[in-house]
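In the form predicted on its own, a lone chain appears below as structure tokens.
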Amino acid sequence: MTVKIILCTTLLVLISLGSATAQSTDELFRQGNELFEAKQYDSAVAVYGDVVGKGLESAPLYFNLGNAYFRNGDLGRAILYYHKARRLDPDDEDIVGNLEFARRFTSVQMEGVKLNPISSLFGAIVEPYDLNFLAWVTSGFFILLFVLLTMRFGLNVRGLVVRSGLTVALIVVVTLSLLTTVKYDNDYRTPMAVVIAQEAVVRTGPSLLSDKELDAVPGLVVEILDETGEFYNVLFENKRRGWIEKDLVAVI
């Protein structure tokens, strides 16, 4: 009996703490919105940052934080949080629009070697969709394929509908599996970062003594290829690469 009372009391305490934390983050989020509306962008950034620090991850939070950074003149971090928001809600037109608008303000536009057209095509196809959505749809068609296989070879059903459905389901499953893999690679497997420093020198090697390869600017997105000590080896959108200090970029 004593054990049950202790367990119930502990459970109630944990529920209360969780509820208090939720109320705290909700209140902070509302406070950040009020500060943003009052054009107190420094304070809004600080409050939204407190919410992020509490472990909350949501597209509206990242979107509002990106807006606050943009209005505060911090282009690099604005683009960083727009990317974080788009990863969670890729079909939100406001997020996509603000990200594209912010990227126009980068003082250096990446021009040069074009990306692989096939990779670009697949990337463009999966970009508007959330990874979870693609995974659920793929799972649904996989179940359908399993049912049709069972009917065709387990129950020996030879009707035209089953045979045609089996072919279509197989093609769809293979296609969706490929697209889901591309989405996972683009959003999670391939580490990406955004240049956030006002002055960011990209060097030929992982040392401050290495020659300068190029000057990066806030808002440029890079792929992280490797890391050594305090440096990342990064690849830019135009396929130029080099080494940059880790504290000059932020991982998406």
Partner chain sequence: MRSSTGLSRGVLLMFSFVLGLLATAGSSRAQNTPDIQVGVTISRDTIGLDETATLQIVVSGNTQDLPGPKVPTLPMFEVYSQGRSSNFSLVNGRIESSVTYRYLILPKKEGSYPIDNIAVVHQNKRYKGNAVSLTVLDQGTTSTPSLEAKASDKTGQSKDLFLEATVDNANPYVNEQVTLSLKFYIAVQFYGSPSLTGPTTTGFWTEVLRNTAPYHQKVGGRTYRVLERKYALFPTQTGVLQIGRAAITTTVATQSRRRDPFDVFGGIGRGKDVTVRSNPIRVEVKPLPETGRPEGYTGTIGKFSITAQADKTTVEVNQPVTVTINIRGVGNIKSVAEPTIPELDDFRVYRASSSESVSKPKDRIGGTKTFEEVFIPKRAGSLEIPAVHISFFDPEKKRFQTVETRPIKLEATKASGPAAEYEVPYAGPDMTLGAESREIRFIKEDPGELRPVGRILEHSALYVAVNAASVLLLVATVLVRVRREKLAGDVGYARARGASKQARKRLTKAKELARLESAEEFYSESCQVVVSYIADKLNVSPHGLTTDKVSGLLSRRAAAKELIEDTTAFLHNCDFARFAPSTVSQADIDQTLKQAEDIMVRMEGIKF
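Given the structure is predicted, the values throughout are model-derived calculations rather than measurements. Residue numbers count along the first chain shown, from 1. Throughout, rigid core stands for the largest set of C-alpha atoms superposing within 1.5 Å between the two forms.
Same protein, other form: the form predicted in complex with its partner chain, not shown, and the subject of what follows.
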Just to confirm, Glu127 within 4.5 Å of its partner chain in the model of the complex by heavy atoms? no
Quick check on Pro60: any heavy atom within 4.5 Å of its partner chain in the model of the complex? yes
Within 4.5 Å, heavy atoms only: does Leu220 come near its partner chain in the model of the complex? no
Quick one: does Ser139 come within 4.5 Å of its partner chain in the model of the complex, counting heavy atoms only? yes
Just one of Ala197, Leu56, Met192, Val201 has a heavy atom within 4.5 angstroms of its partner chain in the model of the complex, so which one? Leu56
What residues in 61-85 sit within 4.5 Å of its partner chain in the model of the complex, counting heavy atoms only? Leu61, Tyr62, Phe63, Asn64, Asn67, Phe70, Arg71, Gly73, Leu75, Tyr82
Core superposition between the shown form and the other one, C-alpha change of Thr150 at least 2 Å: yes
